[in-house]
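Before any questions on binding or motion, here is one chain by itself as C-alpha cells, the form predicted on its own.
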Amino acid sequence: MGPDALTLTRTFHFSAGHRLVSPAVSEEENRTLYGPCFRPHGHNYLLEVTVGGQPDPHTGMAADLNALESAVRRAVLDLVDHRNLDADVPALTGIITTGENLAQAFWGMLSQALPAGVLRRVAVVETANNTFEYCGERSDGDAE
C-alpha cells in the first residue's frame, strides 16, 4: 500500500448461534475449557471489514461502498445470519467457532469475493468486551 492509499472500514451486523466445543477433548474437558460458552448460545455480532486502495481520480473514493456491501453480503452475511454456525454453515465445518477462528474464516471467504489486494482487516465483535481481528495474508498473496 503506497503513501497515498486510504482505508475504509464498513461495519455489518448479523445474529447467529454456536457453541464452543473441541472434538480433540472430552465433553467434561470442553465444559471446563469453554465454561458457559460450551452450551448453545448466540450473539448479535458486528463484522468490520477494512479495505484499502488509491483514491479513484474521478470519484475520489478508495472503495465502492455498494460493491463492498454486495460482496460481504454474498460471501459472509447471507451464509451466517440467523444460522447455527456449527451446523448450518458449510464454510465453517470443522472449525471451532471462536471469535479468532471466525475472523480468519471470514477473511478467507472475503478474500475470494473482493478484488485482489484490497482486503486489509476483518474484525468480529462478539460482545462489547470481545473483538477479534485478523489482518493475515492479503488476497494478492503478500503477507501483512
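This one's a predicted model, so the numbers in the text were calculated from it and none came from an experiment. Residue numbers here begin at 1 and follow the sequence given.
If you look for the form predicted in complex with a further copy of the same chain, you will not find it shown, but the lines that follow are about it.
- Among heavy atoms of residue 113, none comes within 4.5 Å of a further copy of the same chain in the predicted complex.
- Using a 4.5 angstroms threshold between heavy atoms, residue 88 counts as touching a further copy of the same chain in the predicted complex.
- Within 4.5 Å of some heavy atom of a further copy of the same chain in the predicted complex lies at least one heavy atom of residue 62.
- Proximity of residue 33 to a further copy of the same chain in the predicted complex falls within the 4.5 Å heavy atom cutoff.
- In the predicted complex, 81, 82, 83, 84, 88 are the residues of 67-89 with at least one heavy atom within 4.5 Å of a further copy of the same chain, listed from first to last.
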